[in-house]
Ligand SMILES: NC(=O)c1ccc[n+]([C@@H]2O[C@H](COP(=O)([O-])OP(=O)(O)OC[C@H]3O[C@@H](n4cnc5c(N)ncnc54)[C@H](O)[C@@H]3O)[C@@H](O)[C@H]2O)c1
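One chain follows as structure tokens, the form predicted alone.
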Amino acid sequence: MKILVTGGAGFIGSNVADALIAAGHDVAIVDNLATGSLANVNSSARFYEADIIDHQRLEEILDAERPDVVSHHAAQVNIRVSVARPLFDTSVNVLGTVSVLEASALAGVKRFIFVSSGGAVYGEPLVIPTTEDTPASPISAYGAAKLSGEHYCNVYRAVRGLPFVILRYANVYGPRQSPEGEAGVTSIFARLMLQRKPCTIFGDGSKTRDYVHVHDIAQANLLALDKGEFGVFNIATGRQVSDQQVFDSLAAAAGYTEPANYAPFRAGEVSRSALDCTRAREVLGWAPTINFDEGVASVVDYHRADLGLA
């Protein structure tokens, strides 16, 4: 199968591209390298340095590739950036998504996989773990933009006949996650701890997230290639992990003995999150396989090697 991955030089997209190639698929990658890295690009993939906002260029690429599937991972993914720069966030995550949808429809793509955010589109849900039927009420520009992208998938299904699958990721973590641009707390803490630098928790440590390992995310994408058409699926573990638990688990894995520092809670971030993944298990045949302590160890090992400490 021919598959084009937008954002395929980034943390999640590159891991997904690797899994697709390992499964025998023919993969092309589009990435503007704003936060992605050429070092992440699989040597077996065709790479195009391009911005999804540049619709003419995107049309040319999809016309040349004629992929069966487009896996849309390219995005502005930092919630704090979306709060500080909502116009920029919207230009990438709404206009960029429409650009990819339009180019996909014109190229006759047979399936569009849209990456949404279960951690952001629901806002502050009353029920946790949260199911896909919970009304979406985002409290950040990022969450609103991702929900808008979901609606545009429905529009392109209705007016252009473009089949889609929507994957609402929980908080993804694992090897290759940047400790800077992508604001992944596990990578931020792991790197600081290995360098014996102080770590700051924003809030009192009680804020929770549902952490799903990037290798499990990649498996969900493989299953979504031919299952779950027109469906919306939480890709998560269903378990809440607090900021304090993240700190403690990473400290144990990194041999870090200093206490955490605490700073005020930041606007735009939900206080509690965990997603019910029953639908993904029943329809896609997917379930998470990597527990948090095991996943954290992979993050520490990755950054230890990257820092030359292995």
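Every value quoted in this text rests on a predicted model; they were computed, and no experiment measured them. In this text, residue numbers run from 1 along the sequence as written.
Beyond what is shown, the protein has a form predicted together with this ligand; the following relates to that form.
- None of 191-199, 67-75, 226-234, 102-110 except one has non-hydrogen atoms within 4.5 angstroms of this ligand in the predicted complex; the exception is 67-75.
- Remark: none of the three candidate residues (Val94, Ala141 and Tyr152) comes within 4.5 Å of this ligand in the predicted complex, counting heavy atoms only.
- For the candidate set Val121, Ile166, Ala220, Val172, a heavy atom within 4.5 Å of this ligand in the predicted complex is found for exactly one residue, namely Val172.
- Listed residues Ser242, Ser249, Thr35, Asn42 were compared with this ligand in the predicted complex; Thr35 is the one with a heavy atom within 4.5 Å.
- In the predicted complex, at least one heavy atom of Ile12 sits within 4.5 Å of this ligand.
- Contact between Ala50 and this ligand in the predicted complex is found at the 4.5 Å heavy atom cutoff.
- By the criterion of a heavy atom within 4.5 Å, Val115 is counted among the residues contacting this ligand in the predicted complex.
- Though the partner is left out of this view, Thr130 does not reach within 4.5 Å of this ligand in the predicted complex, counting heavy atoms only.
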